[in-house]
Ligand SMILES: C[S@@+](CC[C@H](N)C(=O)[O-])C[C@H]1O[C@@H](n2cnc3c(N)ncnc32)[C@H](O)[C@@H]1O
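Okay, here we've got a single chain as structure tokens, the form predicted on its own, with questions on binding and movement later.
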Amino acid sequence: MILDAYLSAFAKTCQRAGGWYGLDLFAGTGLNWSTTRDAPINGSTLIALEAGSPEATKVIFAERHPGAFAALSHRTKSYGERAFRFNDDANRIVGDMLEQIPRRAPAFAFLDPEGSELEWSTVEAIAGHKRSHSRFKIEQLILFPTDMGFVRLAPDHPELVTRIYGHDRWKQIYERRGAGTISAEQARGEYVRLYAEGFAELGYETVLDRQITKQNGSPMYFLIFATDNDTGEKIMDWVFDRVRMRVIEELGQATLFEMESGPRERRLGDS
């Protein structure tokens, strides 16, 4: 719902440019099953291909699993050359994916790993693609799986967490949490803050985040949004609030977004 709402608005801002480009690095099968609706819903690639107007000039997507890729290829066949497919690890071939995007064109990247799949070098490559050609880097919306993902890997596979961050400074937070000097909630906030700092180092002007929770209010993951565009920031703020109200109205769930600390956190440039 967040991706759909944002891309619909993002597309309208690209009318003067005549189109835009989408990146979907962990694309899946093209359809998801909604347990709350008990019905199929479009996955991220189909959402991007159907967003407009104007519609995306091209949506470049990757799916590593052969079976999922076959299903996605079938579901995107009707979009013709607008759907550009890779059956490979997105981290390995992100450079090939980026070659499909003109360096001056508006572009948006969606990165939703299930756990530790997204490497910081990939985030860095996307951020650097338009450098020296445009003042706006590719916008990135990232699923950052704190409680559902990388923290569980830290004891046995710290190298995977280091790949997510691009450094090992996360260990200081992990050790403080293990020693009991900070709470789980405090550790969660520091993990997100540390990740957001990486986008500042990449030159992004704004990073927003929103915690996504289960129906019972327990945390699942964060959505991280990085942009250089004031319009992008305003749209995403509007999207977060609009989608929250849709969830309440349609599903009767008020706890999709954690609202206790305000409508969102702005990780860069706060006064």
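Please read all numbers here as calculations on a predicted model, not as lab measurements. In this text, residue numbers run from 1 along the sequence as written.
Keep in mind that the form predicted in complex with the ligand is not shown, yet the notes after this line are about it.
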*the ligand isn't shown here, but in the predicted complex which of N32, S218, T36, T231 has a heavy atom within 4.5 Å of it?*
N32
*asked:* Under a 4.5 angstroms heavy atom criterion, identify the one residue in F110, Y191, F150, F199 near the ligand in the predicted complex.
replied: F110
*asked:* Can you tell me if T76 lies within 4.5 angstroms of the ligand in the predicted complex, counting non-hydrogen atoms only?
replied: no
*asked:* So, H65 and the ligand: in the predicted complex, are they within 4.5 Å at any heavy atom pair?
replied: yes
*Considering only heavy atoms, tell me if P54 and the ligand come within 4.5 Å of each other in the predicted complex.*
no
*Quick one: does F26 come within 4.5 Å of the ligand in the predicted complex, counting heavy atoms only?*
yes
*asked:* Taking 4.5 angstroms as the heavy atom distance cut-off, pick the stretch from 205-213, 218-226, 43-51, 232-240 that is near the ligand in the predicted complex.
replied: 43-51
_Going through 84-116, which residues have a heavy atom within 4.5 Å of the ligand in the predicted complex? Please give them in sequence order._
D88, D89, A90, N91, F110, D112, P113, E114
